[in-house]
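A single chain, nothing else alongside it, follows as structure tokens in the form predicted on its own.
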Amino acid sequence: MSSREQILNTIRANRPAPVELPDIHAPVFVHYDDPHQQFSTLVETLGGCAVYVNEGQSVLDAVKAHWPDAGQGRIVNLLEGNNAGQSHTELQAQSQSPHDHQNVDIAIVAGQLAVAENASVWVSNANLDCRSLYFLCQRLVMVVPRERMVHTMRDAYAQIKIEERGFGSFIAGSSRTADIEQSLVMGAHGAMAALVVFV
């Protein structure tokens, strides 16, 4: 018997006793009385903001109310039926490379659901060939139907079907890190500012 086989046999003979996996269908242990308030509070902690569209107000109105300088830079609006900003088709025609999205000032994208537990938004798109837009734009606006709020990530995973989409990601807040030299870096992994608009 070789040394390798001896080592492997010793490991096999000394395996720890199997432990039963936790019941992921156990009763809900995280529940927020007001998940929208929880989401709004947490997203601000992360450097983002959540707003609600009022009656007669458009998403672009909400964006301009939050960022009065909106419209001075390049805006890409991937919402269906949008009437402001570049559409997906126009974006495709102008994009030669994923790096072309670095000069997008504001990207407005659809969010499928929001998670109160960590203030993240699930975004996905089966036909989007410009996924770098979500991470290279300067300011990211995610538009979510207000009834599409869930309490926890477990609730979120129960509703999404990752295999049905070509692209999907949970995005929370604005991107910032202070791991290096305790220096806060904005936009290291994604947009420098994030706005969640509930409609």
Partner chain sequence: MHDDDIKHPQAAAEFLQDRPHARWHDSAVWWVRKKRDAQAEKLPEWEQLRALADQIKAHTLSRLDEYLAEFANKAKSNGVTVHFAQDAQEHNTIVHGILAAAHVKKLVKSKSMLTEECGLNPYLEARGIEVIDTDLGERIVQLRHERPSHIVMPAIHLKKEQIGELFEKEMGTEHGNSDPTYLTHAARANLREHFLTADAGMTGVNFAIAETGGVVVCTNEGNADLGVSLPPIHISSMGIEKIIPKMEHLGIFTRLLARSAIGSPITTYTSHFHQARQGGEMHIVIVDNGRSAILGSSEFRKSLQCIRCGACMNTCPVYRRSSGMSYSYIIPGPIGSTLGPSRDIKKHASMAFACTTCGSCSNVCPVKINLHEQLVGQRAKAFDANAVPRLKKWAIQTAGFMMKHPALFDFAGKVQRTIIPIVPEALLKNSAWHKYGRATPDMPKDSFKDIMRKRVQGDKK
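By rigid core we mean the largest C-alpha set that fits within 1.5 Å across both forms. Positions refer to the first chain, counted from 1. Being a predicted model, the structure only gives us computed values, none of them experimental.
The following text describes the form predicted together with its partner chain, which does not appear among the structures shown.
Trainee: Would Phe170 count as touching its partner chain in the model of the complex under a 4.5 Å heavy atom rule?
Mentor: Although its partner chain is absent here, Phe170 would touch it in the model of the complex, with heavy atoms inside 4.5 Å.
Trainee: May I ask you to state whether Asn77 is within 4.5 Å of its partner chain in the model of the complex, using heavy atom distances?
Mentor: So Asn77 does not count as contacting its partner chain.
Trainee: Whether Gln102 contacts its partner chain in the model of the complex should be assessed with a 4.5 Å heavy atom distance threshold; does it?
Mentor: Result yes; Gln102 sits at the interface with its partner chain in the model of the complex.
Trainee: Report yes if any heavy atom of Cys49 sits within 4.5 Å of a heavy atom of its partner chain in the model of the complex; otherwise report no.
Mentor: Looking in the model of the complex, residue contacts with its partner chain do not include Cys49, since no heavy atom lies within 4.5 Å.
Trainee: Heavy atom within 4.5 Å of its partner chain in the model of the complex: which residues of 2-37 meet that condition, in order?
Mentor: Those in contact are Ser3, Arg4, Gln6, Ile7, Leu8, Thr10, Ile11, Arg12, Asn14, Arg15, Pro16, Ala17, Pro18, Val19, Glu20, Leu21, Pro22, Asp23, Ile24, His25, Pro27, Val28, Phe29, Val30, Tyr32.
Trainee: With both forms fit on the core, is the shift of the CA atom of Ala17 between the shown form and the other one 2 Å or larger?
Mentor: Yes, the C-alpha position differs by at least 2 Å between the shown form and the other one.
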